[in-house]
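Just the one chain here, laid out as structure tokens, in the form predicted alone.
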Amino acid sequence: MTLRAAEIVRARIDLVAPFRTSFGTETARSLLYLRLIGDDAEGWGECVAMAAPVYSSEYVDGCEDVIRRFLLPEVGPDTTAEEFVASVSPVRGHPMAKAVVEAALLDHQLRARGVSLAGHLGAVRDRVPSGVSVGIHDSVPELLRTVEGYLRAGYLRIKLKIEPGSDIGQVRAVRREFGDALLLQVDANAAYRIDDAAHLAQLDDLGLLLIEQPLPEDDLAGHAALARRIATPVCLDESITSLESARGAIELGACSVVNIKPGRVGGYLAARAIHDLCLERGVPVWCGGMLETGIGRAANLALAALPGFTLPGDTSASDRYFLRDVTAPFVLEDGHLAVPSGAGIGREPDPEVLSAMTVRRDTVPIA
């Protein structure tokens, strides 16, 4: 399992269409991959941070700096993912940066042992139901055409991004057009305040699975108050940054559903711990997405195959976001994506595709 070097790969990939949320519109992703090079195997991790600190305080260039200066120095030739997590606990915050290194270490050590990430985490399924996240649209007809296309493609659940001024009417139109049987939920990305509770209560008669992160991430008291005032289940995303924050949110009554994003909570080991807590407390969970390419998507599918993931996640097919993924594409089949069964994350970058996307590569020796 001996590691010799780490390679930081910076790349760029265009999205097939602009993706608009309450905090902005994305047309491309600035990518950061970490490749760990060992005597017997490699390991890959993908950073989920955005180019700007708008979803969270982390951003991709900052993550690279933290990885170089504070995290990679904690990785020795025989460091395991578990040892790394313990060693970097004095580094405050930066879960997305930590998650990249942890993922690459997990991938490397599991490949060396011939064990899949899904098996290591405790997966109970070989495929997971797939939902799709639909960005904010300028018009209702345009939104309906987009949703219809995703339903034709076979997605089992639709998530609509919302913000003040683009919410109740659009959601109502989708429900009216596609019927009560459609699994439908909304995501506000913290765009509302507790004073908007009466407005958000208008969603209650639309039979939604949940409303995701309606209020700012640090307003757990507001979420608890909102949960008492609306019938639609409240799900937390940005507020869930650790096992402790998840436990606190559940005990406060701030949510009845949790979206687990490994990058947001510091990695797949922390994500599994949050899953275990929610399973024990009877809180449904699902796996969110951060526009990952195939490297991050492969690992997310392994996580989403755990028993507590009872709701379809944002584990969409590769062609939802990219004309050509960096790995072999994930393809939707009967509304599901297959969980990789190979060693580690079960996917590797296509060298030619990665080379065409790459902006720079830097090698860091591991001593």
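If you're wondering where the values come from, they're calculated on a predicted model, not measured in any experiment. Numbering starts at 1 and runs along the sequence shown.
Keep in mind that the form predicted together with ligand NPG is missing from the display, and what follows is about it.
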Exercise for review: Identify whether ligand NPG in the predicted complex is within 4.5 Å of every residue in the set Met50, Lys161 and Lys261, based on non-hydrogen atoms.
Suggested key: yes
Revision key, fill the gap. With the partner omitted here, the residue among Ser130, Gln109, Ser133, Gln185 that in the predicted complex has a heavy atom within 4.5 Å of ligand NPG is Ser133
Check your understanding: Given that ligand NPG is left out here, which of Tyr321, Tyr33, Phe309, Phe330 has a heavy atom within 4.5 Å of it in the predicted complex?
Key -> Tyr321
Exercise for review: Heavy atoms, 4.5 Å, ligand NPG in the predicted complex: which of 288-296, 110-118, 163-171, 214-222 makes the cut? Say which one.
Suggested key: 288-296
Exercise for review: Indicate whether ligand NPG has at least one heavy atom within 4.5 Å of a heavy atom of Asp314 in the predicted complex.
Suggested key: yes
Exercise for review: Find out whether any non-hydrogen atom of Asn189 is located within 4.5 angstroms of ligand NPG in the predicted complex, and reply yes or no.
Suggested key: yes
Practice item. Although ligand NPG is absent from this view, report whether Asp237 comes within 4.5 Å of it in the predicted complex, heavy atoms only. Key: yes
Check your understanding: Does anything in 5-20 come within 4.5 Å of ligand NPG in the predicted complex by heavy atoms, and if so which residues, in order?
Key -> Phe19
